[in-house]
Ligand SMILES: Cc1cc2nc3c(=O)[nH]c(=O)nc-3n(C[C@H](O)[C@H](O)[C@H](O)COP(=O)(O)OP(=O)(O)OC[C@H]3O[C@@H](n4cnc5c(N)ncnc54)[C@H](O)[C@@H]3O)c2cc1C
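Single chain ahead, written as structure tokens, the form predicted on its own.
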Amino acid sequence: MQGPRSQYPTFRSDPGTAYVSELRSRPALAALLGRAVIAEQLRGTAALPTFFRISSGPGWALAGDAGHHKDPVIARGIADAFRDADLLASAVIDGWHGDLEVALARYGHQRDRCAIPLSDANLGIARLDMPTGKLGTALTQMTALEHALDDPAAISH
């Protein structure tokens, strides 16, 4: 569960109560929960840095969260990892009998052309500080952006 950063002190002071209260405040979830109990200690963090690392160097390359990380609000990590792995595999194949360093640099540019716009859009959503209608619009726009940037033909140039 993710909430606005301003609510973190409340969650931090009594995470179990705050978590259950937040879930039960949503009718669709409350109906599903019934008399469910929390089986393990809750864990959380307010420190979820967004970062980009250089994508490759001599003898190494990074894909997915190793190369770039963003707030998990849109659950995009595994999709980015698969996309990056596909791009990276293509770069290695392209550069295997030629200039691998150039091919890996091209991979980095392709990764960034996909990941930076998604990361920027994700930051706006992750703040959770916009009215519900605007949040819905932002999520719809994010979905369209994801579809466009996950298309290999759109990023292969």
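In this text, residue numbers run from 1 along the sequence as written. Computed from a predicted structure; not experimentally measured.
Omitted here: the form predicted together with this ligand. The next part is about that form.
Novice: Would you please decide whether D65 lies within 4.5 angstroms of this ligand in the predicted bound form, comparing each non-hydrogen atom pair?
Specialist: Looking in the predicted bound form, residue contacts with this ligand include D65, since a heavy atom lies within 4.5 Å.
Novice: Does L48 make contact with this ligand in the predicted bound form, using a 4.5 Å heavy atom cut-off?
Specialist: Residue-level check for L48: yes, a contact with this ligand.
Novice: Mind telling me which stretch in 110-118, 96-104, 57-65, 22-30 gets its heavy atoms within 4.5 Å of this ligand in the predicted bound form?
Specialist: Of the options given, it is 57-65.
Novice: Mind listing which residues of 123-141 have a heavy atom within 4.5 Å of this ligand in the predicted bound form?
Specialist: Not one residue comes within 4.5 Å of the partner.
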